[in-house]
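One chain is shown next in structure tokens, namely the form predicted alone.
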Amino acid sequence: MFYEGPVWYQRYFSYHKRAQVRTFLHFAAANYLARVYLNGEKIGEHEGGFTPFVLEVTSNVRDGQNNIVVEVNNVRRPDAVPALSTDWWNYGGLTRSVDLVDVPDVFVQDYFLQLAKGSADQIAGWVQLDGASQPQTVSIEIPELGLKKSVSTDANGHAEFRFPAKLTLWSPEAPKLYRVVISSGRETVEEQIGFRTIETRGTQILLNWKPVFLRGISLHEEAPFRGGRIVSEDEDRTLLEWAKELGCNFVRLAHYPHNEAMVRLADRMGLLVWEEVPVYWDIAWQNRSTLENAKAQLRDTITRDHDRASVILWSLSNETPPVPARTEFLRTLADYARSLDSTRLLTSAMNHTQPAGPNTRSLDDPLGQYLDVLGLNEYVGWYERRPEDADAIRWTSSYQKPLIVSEFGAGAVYGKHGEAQTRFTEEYQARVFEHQINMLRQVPSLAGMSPWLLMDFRSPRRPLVGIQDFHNRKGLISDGGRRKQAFYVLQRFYGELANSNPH
């Protein structure tokens, strides 16, 4: 149960080789360090537990019987991302699917389609081919709109485009997706893409040029009912349907990239998404290889999900110490994220605040200057002070930017009842949420919230016998699917917000 170390997988498979076909192994995720061997030869390795990777095996795979061996080691290291300390279960091994993929010798490696910045009727983007030695023609088609455009790639297989389109914009209320067909040579790729804008104005977040309040919840990629990593879209759907039942239009996928099906499902269900890389708590800020690792995980996350309309926020970190080396590390990550995708907002969950007067707290973390949206984790009523003390607290910020209270909450065991002053009772958790709501109503820059959290999850840091039993119990729903009292407190508040204009 607590084992950390290498595990080995072996699989035999038959394969028929064909001319003008390239073959890749695609790993959706392996935690944490994976080494891959095909027919006795090492073909590559990958570091990072939550992002996909591919290895070309065109010259390694045989006609007929083949043998693949994968070693996956989840031992934590001080120079890794995340490092030694986390507050979730370190599930090891091949945690997501492995596929053998055939493509033509020249294939569509990547593509990016969004509304042109500042426009409601112009689609802009690019396409990248792999294997092209000379210019190629690529067509982009949206059949529902009767649109078909062709572009010619450069010598590197890259082409940019921009063309007019009369679109129905994607939103949580109407999550419109268009079938997009990209064709080049012998390959055709089909995709479902939504088009929307996201930006800030002062302390507001604007979706399709209108203020939006993010009624959210945080969640881990923990399977409901059985525990462990999620392995099916049905398990993704269960969590997101619970979020919708709560009244959410927004989910924070903490503290690492969740599986791709989760994000695609959010597209279809109309849930806005905060997506995060596991730069978590304290890591080796001055280690160059650690920075490159974090950049690689950020790059792979953005590459995987940059066509998802639901994703509006790339998050760089969670609860990191405000020391100069960390701030420089995250500034570098922010610059890198913007170079990869300038169309979305950047955020981080920060938790270091300062008193700014009687009953006044200020979020003045220097990281805030590099972000578009500020994230604040605070636990008034649980890790500090009493729940009712929240009523009098006023929050300020050194930055005139939108603020999302990205975590607050309290632990409760489903079915444990008692006085509202007794910790780990449902009554205490509900009381914390009631007073937090009183406090948050008074935050002028508040643009959203994602309390901690939707469902109880496993954590080795939570050993309290008979209460936690190696689970974080701050869920509004138990890991068995039962709703606690605080679920209904937040549901009522979100219902009120949905029927009013919070700005």
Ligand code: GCB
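Residue numbers run from 1 along the displayed sequence. Predicted model, so just to flag it, every value in this text is computed and none were measured.
Keep in mind the form predicted together with the named molecule is missing from the figure; the text below concerns it.
Partner contacts here mean any heavy atom within 4.5 Å of the named molecule in the predicted bound form, and among 467 to 475, 55 to 63, 42 to 50, 24 to 32 they occur only in 467 to 475. Only one of Trp285, Tyr280, Phe107, Phe424 lies close to the named molecule in the predicted bound form, with a heavy atom inside 4.5 Å, and it is Tyr280. Note on the partner interface in the predicted bound form: the residue among Asn318, Thr347, Asn259, Gln297 having a heavy atom within 4.5 angstroms of the named molecule is Asn318. Contact check for Glu235: every heavy atom lies farther than 4.5 Å from the named molecule in the predicted bound form. Remark: His255 counts among the residues lining the named molecule in the predicted bound form, judged by a heavy atom distance of 4.5 Å or less. Contact check for Thr343: every heavy atom lies farther than 4.5 Å from the named molecule in the predicted bound form.
For Ser183, no non-hydrogen atom is located within 4.5 Å of the named molecule in the predicted bound form, even though that partner is not displayed.
Within 4.5 angstroms of the named molecule in the predicted bound form, the stretch 61 to 93 places a non-hydrogen atom from Asp87 alone.
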